[in-house]
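Coming up is one lone chain in structure tokens, specifically the form predicted alone.
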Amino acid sequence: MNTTTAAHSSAGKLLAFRWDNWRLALLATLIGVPLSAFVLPNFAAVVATCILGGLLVITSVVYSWTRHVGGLLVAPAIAVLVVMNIFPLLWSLGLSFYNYRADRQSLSFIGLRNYERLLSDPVVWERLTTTATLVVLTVAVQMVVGFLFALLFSKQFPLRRYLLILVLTPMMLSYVAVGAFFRYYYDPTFGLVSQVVNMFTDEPFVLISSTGGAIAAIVIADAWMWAPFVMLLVLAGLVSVPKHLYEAASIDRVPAWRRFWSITFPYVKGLLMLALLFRTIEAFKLFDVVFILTDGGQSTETIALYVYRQAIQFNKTSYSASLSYILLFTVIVLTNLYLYLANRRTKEG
């Protein structure tokens, strides 16, 4: 009997029409938004969604007014985050289930058909393969070059401070500036690469005239810009290695490779993994350098450039939104894989 009474009391509180009943507003939003998308016309569905969302916000504020003052203080920041980040993310996710073009005012629900088209489209898989190739090559070059630079600048030598500033300069430039710089650098008429090759041959050298050369040009440009980022992270680990460990190793006549593997590498391994994660995520979004250097020619069109063409040039809004979420899912999988490896290493340690 007491259980039945408590259940009725809880149901009564949930269904009570009060300005502080945020649970009822949340329930109405979760039910009303999908229902309005299926039943109401497009404009009416948008209006209903805004009204339900506004009621949820009002009831949450009224409920928290006397109970959670601290939460209300950070509410403006959360609201900005929702409006600027979360809402566009959810809006684009919703568009991926519709057939919508920016140049037409028609909207029809098609479910998962966009994702079916993407997963069966050989062009998409070709762009993903190109992107994966560029990610592997450019991240590998950045990790190796950045690590070698970190080893170099971890030691004291004349003009070290000025050379360090010079090496860090590319990271401060924009992608457009870097792309324009390397476009002139690779120019067959007056570019430095062509001039050097012309010293041995009489024909102009065009590096991006082949697929391999175009990929190499993109990898070199991106690595030139972001290898200093890897260097900074690794350098932070190198300078934190206690000096007495090296002194003890030199007294015991430990070989250089053993000192590196037993002393140096454990201090920079975590930072290397962090640099690997950051640069892999950024490399998946590689767009500017590819667009300026090759414009996707010579089989160098990345998935980010392909999304741009579908969304902006061909106005396939829903199709490009679906492709963007496949890319987002790929990045999330890689991030979770990194976190899994990091947690396992922590537990083993």
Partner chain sequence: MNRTSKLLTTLVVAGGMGLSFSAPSYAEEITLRMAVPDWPPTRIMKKLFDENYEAKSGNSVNLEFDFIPWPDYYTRLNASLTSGEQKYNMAVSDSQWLGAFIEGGYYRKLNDLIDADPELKTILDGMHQAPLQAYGTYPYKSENIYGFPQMPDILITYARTDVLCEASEQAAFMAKYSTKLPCTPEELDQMDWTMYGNIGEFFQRKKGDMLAGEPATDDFYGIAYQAGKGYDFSSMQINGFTWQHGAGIWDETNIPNAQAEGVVNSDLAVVALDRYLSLLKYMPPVVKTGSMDIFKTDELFREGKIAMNVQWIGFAESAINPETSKVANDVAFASMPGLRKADGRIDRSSNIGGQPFVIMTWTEGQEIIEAVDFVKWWLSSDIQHQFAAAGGQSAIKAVYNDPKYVTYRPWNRTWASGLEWQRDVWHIPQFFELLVQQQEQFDLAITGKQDAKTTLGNIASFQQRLLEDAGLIQ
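Model, not experiment: these values are computed from the prediction. Residue numbers count along the first chain shown, from 1.
Note that the form predicted together with the partner chain isn't included here; everything after this is about it.
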K269: touches the partner chain in the model of the complex, heavy atom cutoff 4.5 angstroms: no
Heavy atom of A216 within 4.5 Å of the partner chain in the model of the complex: no
Contact label in the model of the complex: F314 to the partner chain, heavy atom within 4.5 Å: yes
S318 within 4.5 Å of the partner chain in the model of the complex, heavy atoms: no
Single option in Y246, Y184, F87, W261 placed near the partner chain in the model of the complex, where near means a heavy atom within 4.5 Å: Y184
Among the candidates T129, Q195, S250, S174, the residue which, in the model of the complex, approaches the partner chain to within 4.5 Å (heavy atoms): Q195
Listed range touching the partner chain, judged in the model of the complex by heavy atoms within 4.5 Å, from 22 to 30, 306 to 314, 277 to 285, 39 to 47: 306 to 314
Those residues of 91 to 120 which, in the model of the complex, come within 4.5 Å of the partner chain by heavy atom: R101, A102, D103, R104, Q105
